[in-house]
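Just the one chain here, the form predicted alone, laid out as structure tokens.
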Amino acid sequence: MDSANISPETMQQLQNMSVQEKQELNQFIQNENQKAQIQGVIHSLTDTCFRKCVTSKISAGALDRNEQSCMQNCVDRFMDANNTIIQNLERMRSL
């Protein structure tokens, strides 16, 4: 945590927390950071696939058949690539 942005009262409250409370707070912060990272990846994926697949002017409330197919393929390839990366990282970590 950046103590420059924390009030003295908050800093005192943090120092008075039990070990268990500090662990719970740390776990909460880690979970929130993971959620933010996942949301960032989803946003990036959505932006990338939308720019790639939706090339015509949007005139209806739904994608046309070609755009739907392109979006599905784009998401599938993204998931395949991420799964491959995760598997390779796990394999490297176990060495």
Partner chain sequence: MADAKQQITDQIRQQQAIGNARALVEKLNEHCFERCIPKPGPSLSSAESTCFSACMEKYMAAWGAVSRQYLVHVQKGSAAGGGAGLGA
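Positions refer to the first chain, counted from 1. Here, rigid core means the biggest group of C-alpha atoms that superpose within 1.5 Å across both forms. Bear in mind the structure is a predicted one, so any value in this text is a computation, not a measurement.
The same protein has a further form, the form predicted in complex with its partner chain, not shown here; the description that follows concerns it.
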Please determine whether Asn66 contacts its partner chain in the predicted complex, using a 4.5 Å cut-off between heavy atoms.
no
| query | Using 4.5 Å between non-hydrogen atoms, is Thr84 touching its partner chain in the predicted complex? | reply | no
Looking in the predicted complex, the residues of 38 to 55 with a heavy atom no more than 4.5 Å from its partner chain, listed in order, are Ile38, Gln39, Val41, Ile42, His43, Leu45, Thr46, Asp47, Phe50, Arg51, Val54, Thr55
query: For Asn83, is the C-alpha shift between this form and the one not shown 2 Å or more after core superposition?
result: yes
